[in-house]
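Presented as structure tokens, the chain that follows is alone, the form predicted alone.
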Amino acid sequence: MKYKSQKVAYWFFALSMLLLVLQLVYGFVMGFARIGFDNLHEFVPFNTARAVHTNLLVVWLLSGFMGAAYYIIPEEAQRELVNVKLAYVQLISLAVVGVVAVVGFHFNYWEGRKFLEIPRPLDFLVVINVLLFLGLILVTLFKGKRRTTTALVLSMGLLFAALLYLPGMLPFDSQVMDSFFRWWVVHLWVEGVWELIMGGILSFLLIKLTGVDREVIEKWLYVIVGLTFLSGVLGTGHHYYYIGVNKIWLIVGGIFSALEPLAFLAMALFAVNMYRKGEKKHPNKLALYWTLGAAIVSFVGAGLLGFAHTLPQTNLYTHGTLVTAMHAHLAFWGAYGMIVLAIISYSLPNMTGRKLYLTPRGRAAFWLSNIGMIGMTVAFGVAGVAQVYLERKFGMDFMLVQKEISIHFVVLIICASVFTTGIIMYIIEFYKHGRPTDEAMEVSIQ
């Protein structure tokens, strides 16, 4: 059966959609600035746009993960959420943190740590917010009638994500020490515990969409968890090459960076094999598209493209260039963006009662967003390789190189427009479903 408290998830998903649109706006601001149209510089300088763009990415994905947990955990635990009102309080506080951070960036009120720029007082609000969220999820799970592997892996990923935020709050006078612990947050989130969150959501969706036996699917989860911890934790070393730490990190980072694609390969094989074994013909084909797409695109973006430039011999030249942006965009989109859109596509018809499964606009949203993102990845990659050769091989001035490669950002903006068109279509479909209803939640899950 469905549980009425699952409706909370809808509002987290709605917040995700809003923040995603804002992130795209700031992405276009940066894109046009790179080709000389920097008319907003007085109001939104490039460094501010970059900080807002990346931090909005984190917040909309976290909002999506939280919404996924609020939808999945009651169903897996077979009981209502322990306190719905507190879940709404947590949603509002998350939105407040996001708004205050964005406004603060525009007034230059931020920390100077890349990717962890939000002001220190907001860090404490984030911790309180996440603790409240975890309390609701974990108490619901352990008071429930059952504790599945899917729910435990998802909860473990969310718990570790919260714990690994704490090292980023530690103050250091040493730049080396600061960078060392900063990567505990940045790397171990996106190449460690977030993979567990992805694995948990992926498992839930495949159980629902394919009809394959739960035991078979959850055995794959153990493989993914093992590969994630083996490669992700020590793979952090590929960020340590040039910050002054011991040279052993060249070896450790290189070896375990080479193993990191295995976790994403396992996810891709996992999803495709479960789809092939599945006997259940679930009507929600759109959710299946996003689910399989997330597994496959994440292997390419996070796995192969990450491997391509994190080995020491390559990273010596590509570190901090647009090659990194190439990897990051497709990796975040495939591994985390698409899995959030997958759980939204699956849960919306169940929460609203409107079975808008595979509309022409929904199909177009899937293909346009993915084609646009692939085009953006190629544009970043070509620009990045040109940057590496001109700047680091031939010694050209940094700003002169940026001018030479600006043509690639014209292509990037065109591809970003295709991507954005797809996202707008997805959001139209989202709101077309309407709001959750008690009547819809009382119907048995297919």
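If you're wondering where the values come from, they're calculated on a predicted model, not measured in any experiment. Note that residue numbering begins at 1 and tracks the sequence as displayed.
There is another form of the same protein, the form predicted together with a small molecule; it is not shown, and what comes next is about it.
Undergrad: Quick one: of 140, 345, 90, 257, which gets a non-hydrogen atom within 4.5 angstroms of the small molecule in the predicted complex?
TA: Filtering the options by heavy-atom distance leaves 257.
Undergrad: Scan 362, 349, 306, 104 and let me know which has any heavy atom within 4.5 Å of the small molecule in the predicted complex.
TA: The residue from 362, 349, 306, 104 that makes the contact is 306.
Undergrad: Can all three of 7, 69 and 430 be found with a heavy atom no more than 4.5 Å from the small molecule in the predicted complex?
TA: Judged in the predicted complex, none of 7, 69 and 430 sits within 4.5 Å of the small molecule.
Undergrad: Check whether residue 333 has any heavy atom within 4.5 Å of a heavy atom of the small molecule in the predicted complex, and answer yes or no.
TA: Looking in the predicted complex, residue contacts with the small molecule include residue 333, since a heavy atom lies within 4.5 Å.
Undergrad: Looking at the partner-bound form in the predicted complex, is residue 183 within 4.5 Å of the small molecule by any heavy atom?
TA: Yes, contact at 4.5 Å.
Undergrad: Please run the contact check for residue 208 against the small molecule in the predicted complex: heavy atoms, 4.5 angstroms, yes or no?
TA: Contact with the small molecule, no.
Undergrad: Is residue 48 part of the interface with the small molecule in the predicted complex - any heavy atom within 4.5 Å?
TA: Residue-level check for residue 48: no, no contact with the small molecule.
Undergrad: Quick one: find which of 214 to 222, 282 to 290, 268 to 276, 232 to 240 has residues within 4.5 Å of the small molecule in the predicted complex by heavy atom distance.
TA: Correct option: 232 to 240.
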